[in-house]
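In the block that follows, a single chain appears as structure tokens, in the form predicted on its own.
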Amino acid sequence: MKKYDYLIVGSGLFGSIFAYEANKKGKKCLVIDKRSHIGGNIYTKNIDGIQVHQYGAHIFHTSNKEVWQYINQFAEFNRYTNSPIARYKDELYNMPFNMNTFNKLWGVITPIEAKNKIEKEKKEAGITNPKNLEEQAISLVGKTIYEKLIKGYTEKQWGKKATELPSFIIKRLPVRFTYDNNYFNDIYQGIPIGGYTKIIEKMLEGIDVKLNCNFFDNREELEQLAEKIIFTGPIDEFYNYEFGELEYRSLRFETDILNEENYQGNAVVNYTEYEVPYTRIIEHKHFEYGTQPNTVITKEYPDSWDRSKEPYYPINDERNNKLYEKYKLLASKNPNIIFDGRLGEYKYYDMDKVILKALNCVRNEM
């Protein structure tokens, strides 16, 4: 008999939900994390009374009532609505692209005027078979929106010129012909009052947790502790990169405490020109309508990735997807290891999808 039913590698949202639900059903779990804190990328840290999103802005949104009710048992959510601002040089625009954006760009008032303007630009471009991301974006929204609000941001994000990026990266662009700055169309949206870390703390209450514990540093010993492993780390690393390395884009964050009450007037401001090296500035206090005398901002820089950096965004091109399928096939031969989550499945997931996947995983297991 082994000491635990499950060894859960990673204390992010997926791992913590699995541990919480398994524990409720009488299963003994050990959760380990290589970081010094729980919560994975949704970890929030209290700085001067402000809940700082340490690994980028996390805004909870879903249209799934089951998911919304589930997460609300761990925290009370405020009514925060994501309404980012895009800054191009000294011009400010609302996102997603909506009537406020089009009015600022062209002075149009009605939806039909905006539609006609976009269609005119698309027709002038004359792109029928987009060969790259630039052509794809222009064929969807025209040249003005592309050059001011898409081009520079996308090139920074991917570390390549838009003409070198495949067209499939942008399948569609959200264009809304209403005066509505709400970025998400989901029914439920908000930020947990007091931060995300409190949610994970409640989930892991009464469960064995080891921090600063890298699975690969103690692999043999850890594998002997449990009947099954829930692995939420990189699947290629688990198999010692047997078929090669899956690729990611990484991020770098610069956080500063400022001796002023209000720096930018909005939680999220995107910088869309290429010459500004960061893609956005987050002012964390605005997620919770803070009135603190100081403020905390984070500049977010896209970064290339290597094994010494945190993998954030899977590069789901043809080469990487084929490589992942090889690892997935290998993993299917071992029923005592479950790979899941963003890194385990090599796929980017919003938080509500992670919750649903974790709940379904527990149901299948139990």
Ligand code: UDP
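Take the two forms, superpose them, and find the largest set of C-alpha atoms that agree within 1.5 Å; that set is the rigid core. When you see a residue number, it is the position in the sequence shown, counting from 1. Keep in mind the model is a prediction, meaning the values are calculated, not measured.
Beyond the structure shown, there is the form predicted together with this ligand, which is absent from this document and is the topic of what follows.
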Flag T295 as yes or no: does it have a non-hydrogen atom within 4.5 angstroms of any non-hydrogen atom of this ligand in the predicted complex?
-> no
Looking in the predicted complex, any heavy atom of Y183 within 4.5 Å of this ligand?
-> yes
May I ask you to check whether Y248 falls inside a 4.5 Å heavy atom distance of this ligand in the predicted complex?
-> no
Within a 4.5 Å heavy atom cut-off, is V276 in contact with this ligand in the predicted complex?
-> no
This ligand isn't shown here, but in the predicted complex, which of 102 to 110, 240 to 248, 264 to 272, 124 to 132 has heavy atoms within 4.5 Å of it?
-> 264 to 272
Option touching this ligand, based on a heavy atom within 4.5 Å in the predicted complex, out of T154, Q189, N98, Q136 | T154
Heavy atom within 4.5 Å of this ligand in the predicted complex - residue from Y313, Y301, Y70, W305 | Y313
For the stretch 166 to 182, return the residues whose heavy atoms include at least one within 4.5 Å of this ligand in the predicted complex, in the order they occur.
-> I169, I170, R172, L173
Did A137 shift 2 Å or more between the shown form and the other one, C-alpha, core superposed | yes
With both forms fit on the core, has K160 moved 2 Å or more by CA between the shown form and the other one?
-> yes
